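Just the one chain here, the form predicted on its own, laid out as structure tokens.
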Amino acid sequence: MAKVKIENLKKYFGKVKALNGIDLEIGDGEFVVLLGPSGCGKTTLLRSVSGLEKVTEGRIFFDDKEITNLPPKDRNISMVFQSYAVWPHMKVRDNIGYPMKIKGFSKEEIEKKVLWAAELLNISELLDRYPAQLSGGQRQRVAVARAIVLEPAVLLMDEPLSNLDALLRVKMRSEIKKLQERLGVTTIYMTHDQVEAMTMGDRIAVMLSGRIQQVGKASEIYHKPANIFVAGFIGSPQMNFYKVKTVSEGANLFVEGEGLKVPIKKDPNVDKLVLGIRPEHIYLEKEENTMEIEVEVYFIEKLMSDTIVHANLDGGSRIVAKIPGDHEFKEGEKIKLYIDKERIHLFDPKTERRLDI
């Protein structure tokens, strides 16, 4: 296993800055998820770590050894691809053992490690089948078994669950995470799916436009997003955002705008702000530290376990609330909702950074 250190990594394709100064440290045995929308640079970063992409500037270390310019075969890595990339003409046994075969291991050594990997992935009974005889989930397990058979220092995973159906993705998330914990292998996992990132990663690196916007545990990124992009990207439905300004009434401070007026405890020293509130922090019943707002129901999404309420504020702006349970509302109905004042976020509209209030 290995620590991974990435220093000021840059990768340009002509004038396009796919990576524009990436700094990231990953601990020995840590599971780090690269999360971001399409085009944010996460694929290029993963390919740069693997050696499949030659970097423009910067350095990459495994432990204290610089591997920036080493070919992939000399980096002691394995990679699991989105497309599985299992060879259709080989049986499962031969697919798993192929990395050992090309490195010159004996048949006895290969068989021993193939059986070990197959048992870990619960595919021992599939060893004599061809990939065409397997389901998508089984083929993915074969790909993972092949990746771990050499016990790499670093395991790279490129959206490995994106081709699976929803139920199987949930199952495979837990299986991959448990396997990684059991092996203790340093893992870099790439996805655009925030649920995968939040449930699997020890830490998450949120990316946009070739830069890392924030690195932290899921709870840190959810509760203390570094900026407007991270705040809006994490969470479903997306965080509500409103343009507000600071106002004072005697000794009391408020932020006001777009039909909202919310009390705050600390002067942010910025007149114009962006207020953020997550839909799940807007309640149907009054609770401690909440403030009442009256809204007009615009649209309802009934998910049975939750009800998503889209409503209009007095100022004409839209607000979305995620209410646990199955609730009935009529479009045009006036209802009361309660905003959790302790869960609001304020951002500087110029820098888009979150303000600590």
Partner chain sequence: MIKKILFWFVVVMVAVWFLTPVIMIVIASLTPSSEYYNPNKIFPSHLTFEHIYKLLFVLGGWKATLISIEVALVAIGLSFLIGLPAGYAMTRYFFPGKNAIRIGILMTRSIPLIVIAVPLIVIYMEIGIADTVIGVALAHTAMILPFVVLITSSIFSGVSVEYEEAGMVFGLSRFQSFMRITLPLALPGLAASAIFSFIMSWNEVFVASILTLTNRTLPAHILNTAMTSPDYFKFAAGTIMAIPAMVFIFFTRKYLITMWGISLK
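Between two forms, the rigid core is the largest collection of C-alphas that superpose within 1.5 Å. Numbering follows the first chain given and starts at 1. Just so you know, these numbers come straight off a predicted model, no measurement behind them.
Omitted from view is the form predicted together with its partner chain, to which the following refers.
Contact check for L303: no non-hydrogen atom falls within 4.5 Å of its partner chain in the predicted complex. For P99, a non-hydrogen atom is located within 4.5 Å of its partner chain in the predicted complex, even though that partner is not displayed.
Though the partner is left out of this view, N122 does not reach within 4.5 Å of its partner chain in the predicted complex, counting heavy atoms only. Its partner chain is not shown here, and in the predicted complex it never comes within 4.5 Å of any heavy atom of L284. Of the listed positions (A205, V86, I176, V274), a single one reaches within 4.5 angstroms of its partner chain by any non-hydrogen atom in the predicted complex, namely V86. Just one of Q140, N240, T186, S78 comes within 4.5 Å of its partner chain in the predicted complex, counting any heavy atom, and that one is S78. Against its partner chain in the predicted complex, the set R47, K73 and M90 is in full contact: each member has a heavy atom within 4.5 Å. Stretch 102-110 is the contacting one of 192-200, 207-215, 220-228, 102-110, since its residues have non-hydrogen atoms within 4.5 Å of its partner chain in the predicted complex. Residues R146, A147 are the ones in 135-163 with at least one heavy atom within 4.5 Å of its partner chain in the predicted complex, listed in sequence order. Relative to the superposed rigid core, the position of the CA of M90 differs between this form and the one not shown by 2 Å or more. Shown in the overlay between this form and the one not shown, fitted on the rigid core, is a CA shift at V195 smaller than 2 Å. With a cut-off of 2 Å and the rigid core superposed, K112 has a Cα displacement that falls short of the cut-off between this form and the one not shown.
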